[in-house]
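Only one chain is given next, in C-alpha cells, and it is the form predicted alone.
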Amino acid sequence: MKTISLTIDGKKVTASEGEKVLWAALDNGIYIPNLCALRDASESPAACCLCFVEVEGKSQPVTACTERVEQGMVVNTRSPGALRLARTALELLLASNVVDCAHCPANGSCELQKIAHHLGVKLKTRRFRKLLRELPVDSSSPVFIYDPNKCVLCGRCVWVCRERLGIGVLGFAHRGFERLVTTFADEPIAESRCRECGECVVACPTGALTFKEQ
C-alpha cells in the first residue's frame, strides 16, 4: 500500500494511503480524543463528536475518524474552533453521565478522565444542567456488571459483540435522550445469549461495563 506524507500539529508524519486522520495521528504519538472509533470497523459513526480537527483548505472542522489522509495534508488538532466543538461535546456528554470516579472500578483507566484532562474540562462541569436517567444496574452476569448510567453510547461493545464475535446480544434501543445499549427485549444479561466472554468489557472506554473481579 502506498505511503503518503502529511503534517499534524507541525509534525511531519507518514501514513498508509486511505488511512483515517485519527489513526495516523495516534500511530505517531499525537493524541486526539475519541470514544466511538474502532480501527477494525470499516466505517466510524462519528457519534461522540470529540475528534474534531482542522484541515488546511477546509472551511470548517472535520471529524478525524472519518477524514482520510491525503498527500501534503496539514492538520491542526489544537485549533480554537476544533477544541471548542470537542469541549462542548464532552460537556454535553458529562451532563447526562454519572461521574463518581472515586467509587468507579474504571478510575484511572477511564477514557473520559483522559479526554477531560486533554481538553482542560472539569469532569463535574456545570456549564449544562445535569440530566440523569437513574437506570437500573444489571449485575445478573457472573462475570461483569453493566451500569447504563455510565454508558457514553460509543457503541464499541455493540460492534464487538455483533460484528467481531457474531453474537449480537447487545444493541441500541430507543432514540434521543432515551437511547441506551441493552439486550433484546431489555432482558437481564444472564438470561440472554451472552457467552460471558468479557470482550464487551474490554472494549468499554468507561465504567459502564466492568468485571466483577475488579
Partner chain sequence: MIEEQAKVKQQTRRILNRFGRKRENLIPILQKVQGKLGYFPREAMLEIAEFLDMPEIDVYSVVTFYNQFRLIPPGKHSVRVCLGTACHMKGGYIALDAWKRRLDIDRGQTTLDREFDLETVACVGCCVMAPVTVVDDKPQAKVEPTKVDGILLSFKLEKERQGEESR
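Because the structure is predicted, anything quoted here is derived from the model rather than measured. Numbering follows the first chain given and starts at 1.
Heads up, the form predicted in complex with the partner chain isn't pictured, but that's what we're talking about next.
- Proximity of V169, H174 and T183 to the partner chain in the predicted complex is complete: all three residues have a non-hydrogen atom within 4.5 angstroms.
- Screening K58, R162, R68, R39 for any heavy atom within 4.5 Å of the partner chain in the predicted complex leaves a single hit, R162.
- Segments offered: 58-66, 145-153, 27-35, 184-192. Contacting the partner chain in the predicted complex at heavy atom distances within 4.5 Å is 184-192.
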